[in-house]
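So this first bit is one chain, no partners, the form predicted alone, shown in structure tokens.
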């Protein structure tokens, strides 16, 4: 048993971990193409909407046209009589609820008692084609008893008697968390400067190129197969098993996650349409396919939570954070989704970038009659990161310290514990800051450029995989199986899903490195609950570290199976055998050896059919209190970004000509893919910073204002600036070959860096995202009138907070187990 509470079986044996000499690596660190690149660019990759089966029916969902109402009656007789309609499914036929988290099982496949947002599905119809299914939907008559609409967190707090759900913390309060670490009074008393600021981060959506799509069919033996564009096949399987329990047992449900045409977190929930397609295939005995329209994706988006937040911070004259009191209010939309985790995430990672000596977090998530919110790239962390990084910029100005210097001299220590018991591994943020500061000339340019030209800095950190599974258990978070064929082919079986980030290729690179093969010579089989071991899904940037470690363990075990028989055959010590160039040979006499295929044949002749498994569980979290399970990670990545802006002083319209970004990846398994992920994050962050927002019409209707790609503004290639990217390598002992995440962390600093650059350019603060030209202009007008040059919120909803759970910090004699009883109760 290791010091972190995990057994040796949870980890690779260590031969190819972070301490490996880079000069010996043959695959890792090289810019190989993705293993599926050619099939994707030639159109051979089959996404969910490309799938077709004989006798296939098409499904459409009749969705609510009102935001909040009781369902009085549903008449489907005319729809059922329409020629070409094969089945009509109503909500009462599938009464079991589902949801991604065990504490928020609040969704029905189809609503039959109440609708909670415009777009809530009421009836599902399977017909011979999409047009007939749409026509049948229009024939359904639904009578609603309208209820008052809850439009935002302020209305949610006021309308306590107009409850959207009957569960939660009372009224429309879904979740409320209150944690305190250390002595806040002492921290503020020791501070030389105390500030309080209010910020708002508007919600936005994922905007993948591919809409959601699902094909379900039941075979003659009664097995139901669901092929879907999902990021979490394992959790979709759990939801299907729960809802369809009266129709098909769990072992007769198979989920295949198709290649995703973009996910970004938006395909992490189990969705109504996936379950409806499966139920209709059972009902009709025929394959049933559904593909959502772009408008439906907007209506049901599960995107970024709008978050209203207040931060009270106390710092020393050098900017060290003595006390941080952070309060967040999340507009969760109509359902729970990942909301409990999202609430914790708005507070959990505030301490892992800069040391916070005393920390107080209050978080509330509210139900509203809008599209339910969930995880989007960065899940719950971009909003508070925006607030803290802008506030630090204000502090730097007040203290007369360059913002880059303030950050550089106040970094959390590597291999330390934070106030809220997060365990820090490797930490390369200092180098990241040095790279972007030197590259941009920040020290010479900040505060010294002509009016209208500005430069801003921000930093961030992010998880390399969540520390706990969604459904708490003692089983591995990721598993890999290897099959070694006598032809020399190695097949890798894993349940992870490639959502465009290249996780299939990462599996190939890791296994190929161990065996001395080329990645394209391996076969990768993923995302099939019948064929592959469980992987919890593509979220929280977990795949490289968790699936990678499982693959590394399986490969090392298989390598050991080959080494013994081959060493006997060659009559050399096992330690002298090298795997490289598709051969196994004596490193002291390379001519003595054989092809990899021959080596497998020799091992198979002696040992029998060759196959191994590998699995991974993250280290046990240091935090042992209720809520301490959100935020721990095997390792954290770090990013520093500097943004340059040109602002028109007459209108507030601004452009971003250049961005410098450096990312601490641990070790880049493929530098080309890392740069792609970093710059993709920069692009998405720029869209959120400048223009993206989910808007709704009026205070009484809950109607989506911009449900199309024509109206929802996002950057095009014309708005994309020049990006200078540095990969910072500081290998982490928890990652395969020292790797950490690159898919989400680089997004986080872009939004605050834009806001900070606007301040440097024209001297006004926009404490909201997006930082639109209208808001910049408004703040400049206020400043011209002698008022505070600021645009942003000033108040939060009035709410009564319970007593906080108080936990002592590690350096104040704490143990991290003060409320272990509560944690045990929560797990049970």
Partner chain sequence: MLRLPRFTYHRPTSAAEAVKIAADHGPASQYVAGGTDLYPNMKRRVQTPTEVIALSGCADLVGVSGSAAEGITVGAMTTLTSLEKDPALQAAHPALVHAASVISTPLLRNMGTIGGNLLLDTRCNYYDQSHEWRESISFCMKCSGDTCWVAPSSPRCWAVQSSDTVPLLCAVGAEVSLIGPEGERRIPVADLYQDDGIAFTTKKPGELLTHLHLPAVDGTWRASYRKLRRRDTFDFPVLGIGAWLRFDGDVCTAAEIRIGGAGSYAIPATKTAELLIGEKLVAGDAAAEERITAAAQEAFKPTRAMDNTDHFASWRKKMAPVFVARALRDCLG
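What you are looking at is a predicted structure, and each value in this text was computed from that prediction instead of being measured. Residue numbers count along the first chain shown, from 1.
The same protein has a further form, the form predicted together with its partner chain, not shown here; the description that follows concerns it.
Note on contacts: among 101, 139, 653, 610, the single residue with a heavy atom within 4.5 Å of its partner chain in the predicted bound form is 653. For the candidate set 73, 318, 716, 487, a heavy atom within 4.5 Å of its partner chain in the predicted bound form is found for exactly one residue, namely 716. At the 4.5 Å threshold, heavy atoms of residue 234 stay clear of its partner chain in the predicted bound form, well away from it. Proximity of residue 701 to its partner chain in the predicted bound form: non-hydrogen atoms within 4.5 Å are present.
In the predicted bound form, residue 797 stays away from its partner chain, with no heavy atom inside 4.5 Å. Taking the partner from elsewhere, residue 130 is found to have a heavy atom lying within 4.5 Å of its partner chain in the predicted bound form. Contact with its partner chain in the predicted bound form, defined as a heavy atom within 4.5 Å, is made by none of 155, 176 and 416.
Here the chain stands by itself, but in the predicted bound form one stretch of 87-95, 560-568, 273-281, 286-294, 286-294, has heavy atoms within 4.5 Å of its partner chain.
Residues from 775-806 that approach its partner chain in the predicted bound form with a non-hydrogen atom closer than or equal to 4.5 Å are 775, 777, 781, 791, in the order they occur in the chain.
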